[in-house]
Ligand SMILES: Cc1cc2nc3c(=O)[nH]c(=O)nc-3n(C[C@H](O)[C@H](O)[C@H](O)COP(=O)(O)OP(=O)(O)OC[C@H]3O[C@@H](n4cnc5c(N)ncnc54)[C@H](O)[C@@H]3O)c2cc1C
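Quick setup: one chain, the form predicted on its own, written in structure tokens, and binding and motion questions come after.
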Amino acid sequence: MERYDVAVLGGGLLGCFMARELRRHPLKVALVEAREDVCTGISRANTAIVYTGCDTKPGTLKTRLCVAACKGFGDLCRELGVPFARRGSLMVSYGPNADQTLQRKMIQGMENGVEGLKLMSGRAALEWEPGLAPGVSSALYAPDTGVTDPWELCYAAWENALANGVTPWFNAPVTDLLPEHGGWRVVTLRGELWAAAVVNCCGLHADQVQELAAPPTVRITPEKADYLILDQGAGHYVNHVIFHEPEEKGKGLTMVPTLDGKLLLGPSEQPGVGSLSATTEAGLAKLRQLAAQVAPELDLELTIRSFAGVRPKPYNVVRAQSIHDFTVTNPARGLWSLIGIKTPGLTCAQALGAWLAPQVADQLGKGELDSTFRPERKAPVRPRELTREARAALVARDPAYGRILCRCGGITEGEVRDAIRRGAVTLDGVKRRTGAGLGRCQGAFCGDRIMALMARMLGVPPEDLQKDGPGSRLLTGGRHGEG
């Protein structure tokens, strides 16, 4: 049985950053993930917004980490080679009730230490964002709101953790946690390992995993969310991230100009029933209705895809009440659980790891820093972002960077090859690492070419390739020679 100082359970943003931060200390760390790759759960579907902390309750761990994380997010992304832009945000209102909400959030944000907040008149807001519907009564401007690539952020954290010696355990769903010899025997469908400490970052399943070893304290109810993506023709409809604060109670519209020039609308709020990966007609209809109200000139015919996300809603079963802060439990010695971490979870993933990792290391008697840790990760090669001269030199060295596989995104064979070498074993794993298949044709042109390259590099028949994990084969039919 392999032995580790710490086993991190779950390969989403929280788990990957936790593993990375633990390796700042002289610890032997394993990352245990149920699926074939990281970034396959909650982390793969969100708005990609980096929040300032003006919308969270003062005095909470969530607020403290969010405000600090937002201020340092540019440095983090430069360190990890991840794209990031401070778009700034406008929270807009269309009536007196929402005006009062904006005023409260302005006061709250100032109390939380968020810098640069400004209440604006509706007229001033429309001068900045003329595409919004007339009648804006006020707006709250937050200049430090940012936008990133959540997939690249997760992969970057994992690749840096891997480069610093973290051991991957993929295809290893956890089935039991057993106290043993002062630590924990982690039982998975792949095999067993022993760790002196366990950090549970299992997303929607974090409560179930904790209850393998401890009494119930927090339970999770999933909430679904629907999103729309509009093609690059809509990407400049707004200049900032737009938060629509509705006049009546409920969820308003969020509009996000993405880093690749598209426009994201969402999320809706839907009950977490049925397939958690499937969109709902009701949710998409609500987004279209809100878009017509808030951005009447926006051409929804530019929609190229919709997708569903899911968020954990935590509930304290001991106190019988909802939870509105980050929940980090320590129900037994050497066992920590991050349960129900939702918005602003992306913003705070690294900060949560940096906050908890020293506590884990100290309990194991290894709180000193490891001088061999290297925090930098080099960004993947992106030929389309290079100058013409640099691109020509790159192609001369490696012609694969001159062969376009994805016409919509200008993504090359070299980039897809690199993604497979970096760990992509499914078509969506390539998509999330490169952007191939995210354009107007949604992979109709490049899909078969990418599959051929994957089959060749992975040494598997094309019919064994999966779109996104078990049960998602892209091709059907028997293999050659089978009756």
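Sequential numbering from 1, following the sequence displayed. Not measured: the values here are computed from a predicted model.
Below: the form predicted together with the named molecule, not depicted.
S.K.: Do residue 19 and the named molecule share at least one heavy atom pair within 4.5 Å in the predicted complex?
M.R.: No, no contact at 4.5 Å.
S.K.: Verify the contact flag for residue 47: yes if a non-hydrogen atom of it lies within 4.5 Å of a non-hydrogen atom of the named molecule in the predicted complex, no if not.
M.R.: Residue 47 belongs to the contact set for the named molecule.
S.K.: Indicate whether residue 342 is a 4.5 Å heavy atom neighbour of the named molecule in the predicted complex.
M.R.: Result yes; residue 342 sits at the interface with the named molecule in the predicted complex.
S.K.: Considering non-hydrogen atoms and a 4.5 Å limit, does the named molecule approach residue 434 in the predicted complex?
M.R.: Close contact is absent here: in the predicted complex, residue 434 is far from the named molecule, nothing within 4.5 Å, heavy atoms only.
S.K.: Which is the contacting stretch out of 334-342, 285-293, 386-394, 90-98, given heavy atoms within 4.5 Å of the named molecule in the predicted complex?
M.R.: After filtering at 4.5 Å, what remains is 334-342.
S.K.: Please pick, from 425, 27, 34, 451, the one residue with any non-hydrogen atom lying within 4.5 angstroms of the named molecule in the predicted complex.
M.R.: Filtering the options by heavy-atom distance leaves 34.
S.K.: Taking the named molecule in the predicted complex as the reference, which of 165, 173, 358, 168 has a non-hydrogen atom within 4.5 Å?
M.R.: Only one listed residue qualifies here, and that residue is 173.
S.K.: If we check the named molecule in the predicted complex, which of the residues in 2-18 reach within 4.5 angstroms of it by a non-hydrogen atom?
M.R.: Heavy-atom contacts within 4.5 Å come from 10, 11, 12, 13, 14, 15.
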